[in-house]
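Take a look at this single chain in C-alpha cells; it is the form predicted on its own.
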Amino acid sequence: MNRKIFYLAGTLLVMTFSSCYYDVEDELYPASNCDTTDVTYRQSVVPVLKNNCYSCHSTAMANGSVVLDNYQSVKAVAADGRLLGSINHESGYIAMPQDQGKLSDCDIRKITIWIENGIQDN
C-alpha cells in the first residue's frame, strides 16, 4: 500500500513540474527593431509591398486583378479593406501572401498605421 502511494505521489509531482505551457513568440521575443514612429507610404509601405507582393501584383502581372505597384491602386485596395483583410488572413479574404505565412507583425503594423492615418501619398 505504501508503495502505491509513493508511486502515485511521485507521478503527481513529476506531472506538476513538467506540465505543458504555451509560449507566445511575440511576447517572449518582442520586435524591438520595429520603428513605427513615422510611418509613410514611400518609406514604410512600399518596401513591404515590394518585398512581398510585387512578384504577383504588379502592373506586368496583376494576379486577381490586383495591382500593388502604384499608389492609386494600393489606395483603392486599402480603402475597401481588402489589403488588411488579406494580410491579416481574415475570414472572407484570400490570405496573402498566398500559400505562405502571414507578413511579420511589424510589417502588418506599419500598413495598418498608414491606413489608419488616412492612406496618404507620403
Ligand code: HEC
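We number the residues from 1 along the sequence you see. These figures come from a predicted structure and were not determined experimentally.
There is another form of this protein, the form predicted together with ligand HEC, and it is not shown here; the text below is about that form.
J.: For the spot marked by S86, Y93 and Q100, is every residue within 4.5 Å of ligand HEC in the predicted bound form through some heavy atom?
T.: Yes, because S86, Y93 and Q100 each have a heavy atom that approaches ligand HEC to within 4.5 Å in the predicted bound form.
J.: So which of V46, C34, C56, A76 reaches within 4.5 angstroms of ligand HEC in the predicted bound form, heavy atom to heavy atom?
T.: Checking each option against ligand HEC in the predicted bound form, the one that comes within 4.5 Å is C56.
J.: Test of understanding: in the predicted bound form, would V66 fall inside 4.5 Å of ligand HEC by heavy atoms?
T.: Yes, V66 lies within 4.5 Å of ligand HEC in the predicted bound form.
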